[in-house]
Structures are given as structure tokens and as C-alpha cells.
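What follows is a single chain, given as C-alpha cells, in the form predicted on its own.
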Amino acid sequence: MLKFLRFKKNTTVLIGAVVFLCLSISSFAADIEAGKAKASVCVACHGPGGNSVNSDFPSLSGQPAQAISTQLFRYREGNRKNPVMSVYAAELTNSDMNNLAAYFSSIKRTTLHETKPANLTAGPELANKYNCTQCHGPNLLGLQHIPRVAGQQHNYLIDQLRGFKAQTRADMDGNMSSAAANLNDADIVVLADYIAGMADRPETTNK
């Protein structure tokens, strides 16, 4: 099982690297100020600086830049579909995507959700059991093209997990659909409540 998980993780990283190279030769060439200007239309759904104030819409702040640019690329290419995002992304250049990603990545995540006390214990156990920390990191802050889920909007997390379980949510490499397949709805509710309440903090490593 461990070898299988390592293979899936390595495959995920490879896919992300290929997509990222399609977007830009180097991410540090991105222009944060240009991204901020371009992001003015994003505020209506994703909130000021990408800190959503609506639980149904995801926060973009504090995401790994590559995670944002990868999803924008997938919307533009039709690999992921949404009535609003697909139309918006269709007009974006690769530079636009990298600039937007750099801007939102530079903003500190604001976490407003408060996890129920009972889920402060059950949540981490489920996150480990279903390998959330294997790909998203120990504190679920994301890595490269893998998104940050810590402090993400509660209702959005529930909708996405249910979508992955039902295989109605676009999944780049199948890892999320596989991980969510064994979740029951009670697990999804607990996980979402726990993850949504995770405050911004530095990543930790196991020694």
C-alpha cells in the first residue's frame, strides 16, 4: 500500500510539473501588481484578496501559485467546467494566469470558520486515514499544483468532496476520486468542518 501511495504521489507531482511547464518557463517572472489589477473581477465571488466571505465560494488567498494557475489552465482548456470560470478563463493568456496566481498566493488566508469541538479530534484522524495529509501536506497547505485546503470555505469543501465521491467533479489524476470513494457522508461533514477551521500556520515536517 505504501509503495502504491508513493507511486500515486510521484505521478501527481509529475502531471503537475508538465501542466506548469505548459503555462510558464518560470513562475518568478509573474507580475503580482498585474495580477492584482486582473483580479478585480474575481472579488464578487472569491472576496477581497481572494478571501471569500461566502461559504459556497472558495478562497484563493494563500494557495500555492501553481495550484491556481493549473486550475485556470484546466478551465481554459475545458478539462474542468464551470459556467462562470470557464467563460472567464477562456480569455486568459498564460501570463494572465501566472500573474493572478502570484497575486492570490501572496495574500494571507483569513479563516473565519470555527470547528466543532468534537471534530477537532475526529477530523485529524480522518485526514490521516484517508491520506489527505499525504498529498496536501501535514497542515493541508498544499504543494506545487496540489491546492491548499486548510481554512477553505466549509460548504465548498462539502460540495467538492461529495462531487469527488460521486465522480461528478473533474479530477486531474484520479487521486481525489479514489480517496473520497470510501468516505461516507458523515465523514465528509466532519472533515469539512475540521479543515475549514484550520488557521494559517507554518508547515511542519516529520523528522
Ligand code: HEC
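Numbering starts at 1 and runs along the sequence shown. From a predicted model like this one, the values you see are computed outputs, not experimental measurements.
As for the form predicted in complex with the ligand, it is not shown, yet the points below apply to it.
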Contact between His46 and the ligand in the predicted complex at 4.5 Å, heavy atoms? yes
Answer yes if any heavy atom of Arg169 is within 4.5 Å of a heavy atom of the ligand in the predicted complex; otherwise answer no. yes
Please run the contact check for Gln160 against the ligand in the predicted complex: heavy atoms, 4.5 angstroms, yes or no? yes
Find out whether any non-hydrogen atom of Gln63 is located within 4.5 angstroms of the ligand in the predicted complex, and reply yes or no. yes
Listed by sequence position, which residues of 178-196 have a non-hydrogen atom within 4.5 angstroms of the ligand in the predicted complex? Ala179, Leu183, Leu191, Ile195
